[in-house]
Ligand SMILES: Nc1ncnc2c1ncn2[C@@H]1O[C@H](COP(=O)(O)OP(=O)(O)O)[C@@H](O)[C@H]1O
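Just one chain follows, in the form predicted on its own, and it is written as structure tokens.
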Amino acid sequence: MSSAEIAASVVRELEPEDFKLLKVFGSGLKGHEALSKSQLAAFSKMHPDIVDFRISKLQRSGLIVRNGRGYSLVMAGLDALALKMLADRDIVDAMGKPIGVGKESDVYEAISGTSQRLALKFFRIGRTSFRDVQRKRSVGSANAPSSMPAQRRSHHWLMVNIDAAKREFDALERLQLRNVQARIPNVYGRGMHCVVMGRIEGTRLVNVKKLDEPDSVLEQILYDVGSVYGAGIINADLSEYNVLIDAAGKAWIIDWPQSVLTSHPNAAYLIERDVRNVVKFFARRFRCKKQEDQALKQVLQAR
């Protein structure tokens, strides 16, 4: 059972005092790797005896762990806190089956209170080796040294995942508020390291062997990249792995945690790399003849 499934199974059994402590752990993540019983009592304004009882319950539920410095939140606890936050804001009513499990995120189906079909994306950066993460991404200071104590590494990855979710949500919300005409996910909310999106049915481009009109699909992707660029944002990680092809053959650009503003010092390099990656893939897989410099010029002119 995944940590999200553990969280979903226990979240309805937790009482207000349990969530009060979980919120203390969540709000204390920036400044504390662990919290003592006295700190938890002080921050929660609950009697030490009540705190002691609630701590035991959260431990049994697998949401926190005890270590040499006190008590620390683990991924299942962060999941439970995220789900509670989203439920309290009436964004998510129920979590369903997994849609996809990747190296850096788990995605589950969900339903809102109005029966709208949603997707919950829980970030799981750090599940792969730290060297692989350091090589592939630039979300914050992603690298957690192997010499770092286990508790500090765990805390580090919790913070990295929260930061990644914030980046993705902020970028997509900005594009949504500006009514950018591009096939990208709609976002409805964020809870800690979890982003709530509209559900998109599709197949990752890397797994698509045949397209009826590959040149048209490529042009659509470039148009969308240009529209987003014109709104001041660069995906900065565009490749065949974060494009979905839906049943109608339309392409959707997903995964935006590494996105940057066009004012970023490396913006020119990043937009060029995004365009180059997708043009090269279409040339290799579908024999498209689009020239990289022509594609880049087309994208840049959208601004």
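Note that the structure is predicted; figures quoted are calculated from it, not measured. One-based numbering along the sequence shown.
One more form of this protein exists, namely the form predicted in complex with the ligand; it is left out here, but the text below deals with it.
Among I162, L175, V107, L222, the residue placing a heavy atom within 4.5 Å of the ligand in the model of the complex is V107. K103 is the sole member of K166, K103, R89, R152 with a non-hydrogen atom within 4.5 Å of the ligand in the model of the complex. Heavy atoms within 4.5 Å of the ligand in the model of the complex map, among the stretches 44-52, 242-250, 23-31, 260-268, onto 242-250 alone. For the chain shown alone, I99 is a contact residue for the ligand in the model of the complex, at least one non-hydrogen atom being within 4.5 angstroms. Looking at P185, you'd find a heavy atom of it within 4.5 angstroms of the ligand in the model of the complex.
Within this chain, A231 is remote from the site of the ligand in the model of the complex, having no heavy atom within 4.5 Å. The ligand is not drawn, but in the model of the complex it has no heavy atom within 4.5 Å of L40. Interface residues of 191-223, taken as those with a heavy atom within 4.5 Å of the ligand in the model of the complex (partner not displayed): M197, G198, R199, I200, R204, in sequence order.
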